[in-house]
Structure formats: structure tokens, C-alpha cells
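Consider the single chain below, provided in C-alpha cells and representing the form predicted alone.
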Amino acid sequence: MQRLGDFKLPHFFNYPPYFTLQPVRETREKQVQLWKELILDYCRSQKIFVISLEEDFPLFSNPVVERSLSHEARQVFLAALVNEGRAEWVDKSHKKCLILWLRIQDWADYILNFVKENGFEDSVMTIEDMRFGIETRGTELAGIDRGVLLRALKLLEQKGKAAIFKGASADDEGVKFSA
């Protein structure tokens, strides 16, 4: 089984035709599904939030079979994630894609569970502590994209589960969770 760092690659990764967009509809649908799952799994395991079509991305080439995805194939696979709500184009030219291995609602639920499980109800945490603090090490929150975190917190704020406080700088921003 081939690995990419500590990530175990699926069997299809060594099958050269999967690096070429398939012309037969049923085959392409299966191909797109496999690539969507691979991209989400890899990004989650490596805590990658943004993929740029203009930069090398480890999944998009396999030196073992001497194959790389075309620019068109990369766009097709990322667009399929966007259509499912699992990614968003960051720019109008569709060159960078924000990968949502958890949807914003799922992030909000995860944060709420984290708060409850760790006794942070009625506590204040800074945004940066949530992203890089000791409390979140080893959790999905460790290293979370700032924009994704803020969107999830705003969703919790709309539901009355959190209150976001603006500080003098980004380091001062905080959130208070309510039980």
C-alpha cells in the first residue's frame, strides 16, 4: 500500500486511468466520487484547508505510475466538492478552493460538543486559543482555518450559544459560550 507521508493512499491511486478524466458517464461518476473522498480524507488528515490549482498538491500526481491530473480534472473534482457544499471557491477566477471536510454546521456542532465536554460553558476563549491553544491540541480544532472557525462561531452566535467579542486586534478577539 502506497503512502503519502503518514496518509495511506487508496488502491485506485496506482491505477493510471484514474488520473485521466473518463469519457464514459458511469465511470466518470465513480472516478469523481473516489477523488472527492480522497481529497476530503487527505485534507482532514493533514489539516489542509485551501487547495490552489496553481500550486503543486501532493494528491494530484503519482510518480510511481508517472501520472498527474490535468488542470481540467483538478477543476472537475474540486467543482464537484463545491456542488456538494464540501468546498467553496475562494476567488472569482476559481484558482483557490476552501475545503470543508466538515461543513460549517458540523464545525459548529463540533465546537459546541468540545465546549461541553471540556467544561468551557460560560467561559471566554480567544479565537487564537481555539486555533492554537493547549486545550485544542489533538482535536479537530487545532490549526483550524480562521475564516471557517469564525463562520462556525457566528452560526453558534445566531443560535444563542456563543457571543463573539471584538478586540483591538485579531489576537484580542474572543468568544463566550453559553450553556
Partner chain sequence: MAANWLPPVSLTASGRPVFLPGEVERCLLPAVDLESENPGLAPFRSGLLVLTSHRLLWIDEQSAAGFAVPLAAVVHAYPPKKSIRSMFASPRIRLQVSVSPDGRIAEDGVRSEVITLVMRGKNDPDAFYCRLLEVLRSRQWEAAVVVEKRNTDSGIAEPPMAAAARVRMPVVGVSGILRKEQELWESTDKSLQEAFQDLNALMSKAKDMVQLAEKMRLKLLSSTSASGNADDEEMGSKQEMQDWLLSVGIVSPVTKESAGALYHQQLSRELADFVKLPLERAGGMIALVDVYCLFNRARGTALISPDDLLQACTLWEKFDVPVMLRKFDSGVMVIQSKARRDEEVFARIASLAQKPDALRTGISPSDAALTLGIAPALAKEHLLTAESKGLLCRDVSPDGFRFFINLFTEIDPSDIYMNKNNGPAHVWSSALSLSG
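Residue numbers count along the first chain shown, from 1. The shown structure was predicted, so the numbers you read here are calculated from the model rather than taken from an experiment.
Below: the form predicted together with its partner chain, not depicted.
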Q. So, in the model of the complex, is residue 154 in contact with its partner chain at a 4.5 angstroms heavy atom limit?
A. no
Q. Counting only non-hydrogen atoms and a 4.5 angstroms cut-off, does residue 158 reach its partner chain in the model of the complex?
A. no
Q. Are any of the heavy atoms in residue 118 no more than 4.5 Å from a heavy atom of its partner chain in the model of the complex?
A. no
Q) Closest heavy atom of residue 163 to its partner chain in the model of the complex, within 4.5 Å or not? A) no
**Q.** One stretch from 31 to 39, 52 to 60, 146 to 154, 131 to 139 that, in the model of the complex, holds residues within 4.5 Å of its partner chain by heavy atom
**A.** 31 to 39
Q: Look at the candidate spot formed by 9, 18 and 22 and say whether its partner chain comes within 4.5 Å of a heavy atom in all three of them in the model of the complex.
A: yes
Q) Is any part of 84 to 117 within 4.5 angstroms of its partner chain in the model of the complex by a non-hydrogen atom, and which residues would that be? A) none
